[in-house]
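To begin, one chain is listed below as structure tokens, in the form predicted on its own.
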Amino acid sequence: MSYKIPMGPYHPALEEPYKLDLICEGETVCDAKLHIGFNFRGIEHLAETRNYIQVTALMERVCGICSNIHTLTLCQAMEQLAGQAPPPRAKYIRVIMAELERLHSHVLWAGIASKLMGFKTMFMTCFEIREKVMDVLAAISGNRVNYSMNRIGGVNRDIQDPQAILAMINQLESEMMHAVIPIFTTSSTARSRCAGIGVLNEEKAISCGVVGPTARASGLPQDIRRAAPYAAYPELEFNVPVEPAGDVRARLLVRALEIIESISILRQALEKLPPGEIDTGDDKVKFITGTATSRVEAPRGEVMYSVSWKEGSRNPSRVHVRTPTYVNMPAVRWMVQGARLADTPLIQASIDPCYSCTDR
């Protein structure tokens, strides 16, 4: 006899309000149904009432963790419509901010995953390191969360002392390589709690259209930084970590390896940071009539913006956002099938869901 257990919309294992209806037989999950829509804020409609400066500030608030990525994607789309191209130094600064944000997101997720495993000491370690990543972000932008770095044609703030930032990055790398990476890659606790659960095989990953670390943990070498490079990524060398197992441990390993790659990218970008201006210096931005799209690899996967404008208008006629959680969340249904009920909190968290930015 099967029975239904509601998980959410408010639950200790959920980062944000959403709901999973779990259909169980005994302690085994047979099926699940996902419910979202608890966080609707109408941001896309509000964007139609804002000019290009105001809409940049608005879209930075789509997601608290990926705020920089959203403004980067938006600005790249608006730059196509305005005929603007950021100078080389601005492109490198955009990469530096994007990779610091990736570090912040991955370490935050690692802490939450540790808590769900019952590994609370590791939770505190991850959050201590997260504070230091935010210190680096604040050293560059002056802010720890919403950085206000991106603008049409460049960035708002320069990196005055790259060597000082590089020293902070080196310290971060030392702590991560000592405390985070070895534990997540070799710990018997992580292995016993994560291996073999929440499996999403390559075939199902393709059919679900998953993106980001969720896709790469199912054997798909999918990364917009490599497939459709933007900003300064074409000039930087990095690997795209891929794991074939498709389970929670594979998603853990992919993020751990991406932390190493992000540090490598940051070091290259800071050492190669070219001289010059950080924006085009054109305060009078003029848009053509049309629609432009932009894709960026956020910490959770591909973010896509579609921006429509009419020539002579102060405001965009349409701003549409597709976040990575939107395409990743249906896969949770297949991940939990056959799993133990006690493992479902960790399985759903393994896609690093952000339902607030999905609902908007």
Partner chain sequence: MSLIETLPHKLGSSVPWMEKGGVLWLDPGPLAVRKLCAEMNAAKARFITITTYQLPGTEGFRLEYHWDIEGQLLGFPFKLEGNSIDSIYDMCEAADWIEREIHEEYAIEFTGREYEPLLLRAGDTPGVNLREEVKK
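Source: prediction; values computed, not measured. Numbering follows the first chain given and starts at 1.
Keep in mind that the form predicted in complex with the partner chain is not shown, yet the notes after this line are about it.
Ala228 is the sole member of Val285, Ala139, Ala245, Ala228 with a non-hydrogen atom within 4.5 Å of the partner chain in the predicted complex. This chain is displayed alone, yet in the predicted complex one of Lys204, Arg144, Lys272, Arg157 has a heavy atom within 4.5 Å of the partner chain; that residue is Lys204.
When the partner chain is considered in the predicted complex, Tyr52 lies well away from it, no heavy atom lying within 4.5 Å.
For the chain shown alone, Gly209 is a contact residue for the partner chain in the predicted complex, at least one non-hydrogen atom being within 4.5 angstroms. Residue contact with the partner chain in the predicted complex: Ser187 places no heavy atom within 4.5 Å of it. Looking at Thr358, you'd find a heavy atom of it within 4.5 angstroms of the partner chain in the predicted complex. In summary, the region of this chain contacting the partner chain in the predicted complex, judged by heavy atoms within 4.5 Å and restricted to 92 to 100, 171 to 179, 220 to 228, 110 to 118, corresponds to 220 to 228. Looking at the partner chain in the predicted complex, residues Lys33, Ser306 and Met329 each place a heavy atom within 4.5 Å of it. Along 75 to 95, one residue reaches a heavy atom to within 4.5 Å of the partner chain in the predicted complex: Gln80.
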